[in-house]
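Let's start with one chain on its own, the form predicted alone, as structure tokens.
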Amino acid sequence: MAPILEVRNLRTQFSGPNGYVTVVDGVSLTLAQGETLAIVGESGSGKSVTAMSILRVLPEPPARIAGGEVLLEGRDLLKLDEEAMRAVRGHQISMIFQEPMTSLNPVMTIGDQIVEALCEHRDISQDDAFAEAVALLERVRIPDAKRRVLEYPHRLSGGMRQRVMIAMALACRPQILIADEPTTALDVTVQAQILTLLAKLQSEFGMGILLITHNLGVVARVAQRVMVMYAGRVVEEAPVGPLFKHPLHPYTEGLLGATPRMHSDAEEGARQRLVDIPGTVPLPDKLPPGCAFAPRCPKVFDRCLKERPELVTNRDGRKTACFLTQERTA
């Protein structure tokens, strides 16, 4: 299936005291209709900046997109003017964020905010838009939607606010939904409800979902493919099953080792102990020579300290940026 979204060699930079610093370095990805692609990695790996670069919502300055292409059905979004991009945002591509209170307007009712989004992109009357807002709240499983549509954001729980954000994002039935940590601030039960809701709405609308998360449990449940980022670059990409069963990059191994998993006695015996990854993601202007993960990698060898591995596609179609696993698969 031809991708509806294709990102090629995206480079995003931020200005600093000593000039521009690259925070997203050569990221490429594809997303097909009805597919969920998860982008995973620690805080500071460049996940959210990648998503905001696609929608061009980063403040310029201090940010700038220094190179690459973002093709939506063949049209390069990086070449559009701001008026044309406003027509894309919310209509063809929508985004939901991890903390709705920073995205919802605290002095507007829920209904007014959904109506505003509908009227921006559709030829619809205020009355019809209000009725559509109520229907959207009902679709995202908000009880007593006719009353809730008149509420202000602070009157709703975290889970309710996230559902409102989903309703706003889906108001114009976008082709692509970017979900940036959509369940992080929610308790486990509400997380499960939100993920089930997103899966149901995806099947109804046929939209592609770009899921930004650090929660591999969420990835295992909803995604078909995974892209692992570290220090602004893609270090591994694979279908969910093969990646969880046999990660190729040591960083992916570390992420999986730090993820709680339950195993039956027949399969694994006792539960495995969690193992953390020592150190932290380096700052973009403090990257070491060679592989950025080398200072934290348990399998590092001399070449890693001198050369930066490129992302290479193996014979089975999986991608990895690690000298060790590239030599093994070769």
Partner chain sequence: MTMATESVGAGAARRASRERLARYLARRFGQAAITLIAIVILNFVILHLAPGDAIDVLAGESGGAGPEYLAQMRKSYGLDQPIYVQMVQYLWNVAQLNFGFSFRNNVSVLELIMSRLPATLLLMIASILLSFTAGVLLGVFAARRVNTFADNAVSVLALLCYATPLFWFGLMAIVLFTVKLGWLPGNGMYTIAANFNWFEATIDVLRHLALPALSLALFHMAVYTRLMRASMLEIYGLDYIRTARAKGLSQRRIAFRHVLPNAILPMVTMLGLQVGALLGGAVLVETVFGWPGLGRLAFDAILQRDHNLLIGILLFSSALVIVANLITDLVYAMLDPRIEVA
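Everything numeric here is computed off the predicted structure, so don't read it as measured data. Residue numbers count along the first chain shown, from 1.
There is another form of this protein, the form predicted together with the partner chain, and it is not shown here; the text below is about that form.
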### Query
Of Gln191, Gln175, Thr213, Gln113, which residue is found within 4.5 angstroms of the partner chain in the predicted bound form when only non-hydrogen atoms are counted?
Gln113
### Candidate from Ile124, Met108, Leu80, Leu186 lying within 4.5 Å of the partner chain in the predicted bound form - any heavy atom
Met108
### Summary
Partner contact check in the predicted bound form: of 68 to 76, 194 to 202, 85 to 93, 244 to 252, the stretch with a heavy atom within 4.5 Å of the partner chain is 85 to 93
### Query
Is the gap between Leu104 and the partner chain in the predicted bound form 4.5 Å or less for some heavy atom pair?
yes
### Query
Would Arg56 show up as a contact with the partner chain in the predicted bound form if we use heavy atoms at 4.5 Å?
yes
### Message
Is Ala145 near the partner chain? Define near as a heavy atom within 4.5 Å, in the predicted bound form.
### Response
no
### Message
Considering non-hydrogen atoms and a 4.5 Å limit, does the partner chain approach Met165 in the predicted bound form?
### Response
yes
#### Entry: Any residue of 150 to 177 that, in the predicted bound form, places a heavy atom within 4.5 Å of the partner chain
Tyr152, His154, Arg155, Met165, Met168
